[in-house]
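Below, in structure tokens: the form predicted on its own, a single chain.
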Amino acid sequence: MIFLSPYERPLYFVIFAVAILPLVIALARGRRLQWYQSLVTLFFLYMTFGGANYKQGIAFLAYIAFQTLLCGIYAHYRKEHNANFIFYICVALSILPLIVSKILPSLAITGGNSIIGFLGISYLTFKAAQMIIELRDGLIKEYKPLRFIQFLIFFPTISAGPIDRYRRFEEDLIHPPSKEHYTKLVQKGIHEIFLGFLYNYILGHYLSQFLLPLATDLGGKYGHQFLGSLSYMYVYSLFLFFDFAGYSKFAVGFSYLMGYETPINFNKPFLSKNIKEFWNRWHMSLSFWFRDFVYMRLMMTLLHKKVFKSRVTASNVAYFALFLLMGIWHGGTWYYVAYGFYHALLICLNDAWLRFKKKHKKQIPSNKATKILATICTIHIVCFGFLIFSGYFDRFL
């Protein structure tokens, strides 16, 4: 038995294409073979978590059982009751495995490895917490455990997203696309997969294997510290984009082939004219998840509880909480926290500038030249943020 991580080697794509062929044929006839999709899912989960990864596999199964039971208990409770305390307890329990998996390695309690961590735990946690929140809001009227499990373990997106929404996924699960629409999905899916190969296997590989070492040597071996740092900043930013966007395109492309319109994760982020637009284009499923389930709720709570009278103040506090949380989610090291603080500050400054610009729009020109200048400035501040994120400055401390 061959054990492979998702999209890690070309062989994975060959196995994937062969495995889902019956699904593709059935969808071309307007039917969805859910029983076969379940078998294929189990096969790929075994291929990912089998062999030397069996401990991750055990943790994965225990996690799925825990989240399914927790959501079921809350769904049953929510039919008759709606206490804030119970809701907060359930959300906390839902994200607890992720918190533990992040904290234990940093504390070296388990020798640098978390006993409950596994590939994709972050993205599954976002899905599980989302389920509880939308049950609370009444957006999900009926909890169906098997559909929830299918949503959690949808294997094209299991390792690195995108983070789908349950109601959208359930709609695709129940209602397969028409023959005509599926033909278009197949075309788009193949296009996304080949773009993924270009991004990840060609551009990302070249940047990581050749240009990043060269930029490192400029600052180290050849003593050009400023030039080396500048080169590393831009090369690393491009690498991060092509590597992650490539994986996302693989996930989206194969989802399309399976008849699911998983949301895209990147939309030309380096063409953004300001930092807020950048976050509406970069890792979009994560950005929108944090916006909807953290930022908006926290800001409205601060206003509702009259912690702050000013909507601007509440918004800024919510932004700092949001981006610091996002930074900590990446890891407990100082540069991830600094990265979150940096972007929170940028977002708040950007909002202040937009308010100022709105009041003085007659005095501030807005034309093609200013938009190009804004885009160039945004690229630079984003790339500097990625330099912080990379841990580059850690070598100087």
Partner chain sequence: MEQKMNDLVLTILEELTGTDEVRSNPDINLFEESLMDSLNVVELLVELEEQCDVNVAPSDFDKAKWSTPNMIIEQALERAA
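As the structure is a prediction and not an experimental result, all values here were calculated from the model. Numbering follows the first chain given and starts at 1.
As for the form predicted in complex with its partner chain, it is not shown, yet the points below apply to it.
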Worksheet item: Should the three residues Asp137, Met299 and His304 be counted as contacting its partner chain in the model of the complex, with contact defined as a heavy atom within 4.5 Å for each?
Response: yes
Item to complete: With its partner chain left out of view, choose which of Tyr295, Phe197, Phe320, Phe244 has a non-hydrogen atom within 4.5 angstroms of it in the model of the complex.
Response: Tyr295
Fill in: The unique member of Lys102, Arg281, Arg165, Arg147 whose heavy atoms fall within 4.5 Å of its partner chain in the model of the complex
Arg165
Worksheet item: When its partner chain is placed as it is in the model of the complex, which of 305-313, 85-93, 235-243, 177-185 ends up with heavy atoms within 4.5 Å of it?
Response: 305-313
Discussion item. Taking its partner chain as it sits in the model of the complex, is Lys55 in contact with it (heavy atom to heavy atom, 4.5 Å or less)?
Written reply: no
Discussion item. Lys371 versus its partner chain, in the model of the complex: is there a non-hydrogen atom within 4.5 Å?
Written reply: no
Item to complete: Would you please decide whether Lys276 lies within 4.5 angstroms of its partner chain in the model of the complex, comparing each non-hydrogen atom pair?
Response: yes
Worksheet item: Applying a 4.5 Å heavy atom distance criterion, does His360 contact its partner chain in the model of the complex?
Response: no
